[in-house]
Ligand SMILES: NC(=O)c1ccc[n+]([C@@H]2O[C@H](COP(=O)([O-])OP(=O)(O)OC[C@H]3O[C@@H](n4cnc5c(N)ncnc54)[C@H](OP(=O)(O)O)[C@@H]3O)[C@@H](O)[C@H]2O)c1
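Have a look below at one chain only, the form predicted alone, in structure tokens format.
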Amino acid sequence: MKIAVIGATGFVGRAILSILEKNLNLSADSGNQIIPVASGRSINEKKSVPIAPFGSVQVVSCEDAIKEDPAFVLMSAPESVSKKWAPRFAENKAFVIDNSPAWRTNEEIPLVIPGITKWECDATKPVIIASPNCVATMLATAIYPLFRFGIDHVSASVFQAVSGSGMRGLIALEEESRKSAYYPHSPFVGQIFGNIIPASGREKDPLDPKRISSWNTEEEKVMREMPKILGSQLKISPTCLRVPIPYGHSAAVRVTFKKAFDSATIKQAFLDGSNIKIEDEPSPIHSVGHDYASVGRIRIDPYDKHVLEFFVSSDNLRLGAASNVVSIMDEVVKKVYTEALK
């Protein structure tokens, strides 16, 4: 099985490679092959990535990768790259699993978290599958076990690490920490060191192009993606903030149910949930390197017995991106290739 990883030199791409190395049989005679793909600059610089047991493997272009006829294409590249190349790989009969925003709101493209999203995979035609925004993935993972209790509304204060904006975000934090001044090449709307700022800028309101939206772009992603992931008209109001830490997203979540509930039942629902670990004091630094959402501070609002509050943290590069992409591929393998062997 050939797997192309596009964006192999980036944060998420490298995390995907690490997970594939652990999960796949990559011995020389296994028949499994990973094709690392990157931008023209990386190719010109002859960059390579370590892939055990093959040592250092040089990255190739999308043009070269498509000639290899990969069965799967795991994309973590800019939206423009995905829009150009995802359809071409799909036309070449590859399953394309994309981690960019390019296809998430497209009604014809499934937006998938395995174990949560109900979706069908047809092996008879090319397919693009979208992986959600890192915050939406974390929140959906934590909230999904609570659905059977009847949710009326969710509000969340989200604290996003700078690595969510890639290497430029980490550089901005490092440069500002040394100079205590705004880094002019920062991807953020203001100084991030020693500060908390909106997670991204505001765009024109999709319902009224003449005015600026009240929601920033990260908040809009969550509001648009969560109902599609969960297959429900979920009402969710997020406030997304960027905080001066390198890795790990977190959120203080408030869930309003239609009826009063029992806290022990809710805790058991979390325990039964997929990719959830209950901890006394979850925090972003302790979630790094793991493929689950850490949930804690679970409590009932003392003034409203219909309201549950909890805190959740996760690794934005793994649960929020890389591990979900690989999990989608694993589910496709089970659904499609298992059926083909019957």
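Residue numbers here begin at 1 and follow the sequence given. Keep in mind the model is a prediction, meaning the values are calculated, not measured.
Absent from the display: the form predicted in complex with this ligand. The rest refers to it.
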Can you check 34-42, 292-300, 306-314, 270-278 and let me know which stretch has heavy atoms within 4.5 Å of this ligand in the model of the complex?
34-42
Does this ligand come within 4.5 Å of any heavy atom of residue 66 in the model of the complex?
no
Do residue 87 and this ligand come within 4.5 Å of each other in the model of the complex, heavy atoms counted?
no
Using the partner position in the model of the complex, report whether residue 145 sits within 4.5 Å of this ligand, counting heavy atoms only.
no
Contact with this ligand in the model of the complex for residue 164, defined as at least one heavy atom pair within 4.5 Å: yes or no?
yes
In the model of the complex, the residue from 101, 110, 198, 126 that sits within 4.5 Å of this ligand by heavy atoms:
101
Only counting heavy atoms and a 4.5 Å limit, does any residue of 319-334 reach this ligand in the model of the complex, and if so which ones?
320, 321
